[in-house]
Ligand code: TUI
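There is one chain below, alone, in structure tokens, taken in the form predicted on its own.
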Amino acid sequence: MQTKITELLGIEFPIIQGGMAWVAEYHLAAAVSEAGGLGLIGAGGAPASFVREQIREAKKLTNKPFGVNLMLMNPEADEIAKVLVEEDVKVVTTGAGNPAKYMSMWKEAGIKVIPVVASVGLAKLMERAGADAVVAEGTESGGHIGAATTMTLVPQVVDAVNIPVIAAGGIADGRGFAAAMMLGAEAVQMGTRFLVAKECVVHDNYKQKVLAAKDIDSEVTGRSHGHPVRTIRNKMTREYLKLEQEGAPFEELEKLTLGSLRNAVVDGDVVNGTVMAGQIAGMIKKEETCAEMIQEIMTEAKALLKL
């Protein structure tokens, strides 16, 4: 399926894997790219040296395009921005900030820049800054979220900008893919579905938590201090929400979650750790390879779109 995004990025299918911190490392990114989508390495809060190593390892597994997701709040964001140029990365997606100060450096290096946005205003700002495309991410997604739903955000962003729009949030199968195309998107980005990919190296406890999730198991913490995060409900979220209701200060709440994502992803602590996943987790019931997932989604979507 050819779209403006497949042409822009040189990929076979308009499916992008989310750059999830601690989860999206080189095995997963390379597998998604090999399967015809665009894999992303999630820089998260990692140092620049780690990101460089991840890029080099991914190149050993695939010669197809892949990218890096740069969280602009990372203390080493300036250094990582340079690493992306030095290591000839083809695509960068950005979150938690404005990448404008890196734009000219990346553009000169031929890097495609795709910021993640949660509002029309931010999408317009990114277009003016020189972005090649934007990811319009609805509140259904896992991790740090905005307020607007995918169904309402995507068409408004599509109408507001002239660059291609990628839909994200609540998409995990061919039906969601087809719906995103009907809203005007040129591709989809999925995170939660790829959490249970066979090539994803998260702890098996994390995968099983996603596979066992029901439709009502999604929880949002942090609304009281303006940093909402969507996770799967567990002991930690119950404690967090109780403290929030009692008016606990931000510092106390932050202490509760410090290192908790790593604890869940790496150590398998899905009781006290943070199990980030989108609302779509309740639909995901099997572990597959990235290639199997992408082929299944595209087959279903093509049938629905009568392609």
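Residues carry their position along the shown sequence, with the first being 1. It should be emphasised that the depicted structure is a prediction, and the values quoted were computed from it without experimental measurement.
Keep in mind the form predicted in complex with the named molecule is missing from the figure; the text below concerns it.
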Q. Are any of the heavy atoms in residue 21 no more than 4.5 Å from a heavy atom of the named molecule in the predicted bound form?
A. yes
Q.
Is residue 96 near the named molecule? Define near as a heavy atom within 4.5 Å, in the predicted bound form.
A. yes
Q: Tell me, yes or no, whether residue 111 is in contact with the named molecule in the predicted bound form, where a contact means a heavy atom of each within 4.5 Å.
A: no
Q. Does the 4.5 Å heavy atom contact test between residue 180 and the named molecule in the predicted bound form come out positive?
A. no
Q.
To test your reading of this chain, name the stretch in 137-145, 84-92, 180-188, 103-111 whose heavy atoms come within 4.5 Å of the named molecule in the predicted bound form.
A. 137-145
Q. Is it true that 71, 122 and 276 each have at least one non-hydrogen atom within 4.5 Å of the named molecule in the predicted bound form?
A. yes
Q) Within 4.5 Å of the named molecule in the predicted bound form, heavy atoms considered, which of 197, 118, 154, 171? A) 118
Q. Who in 201-229 is close to the named molecule in the predicted bound form, meaning a heavy atom within 4.5 Å?
A. 229
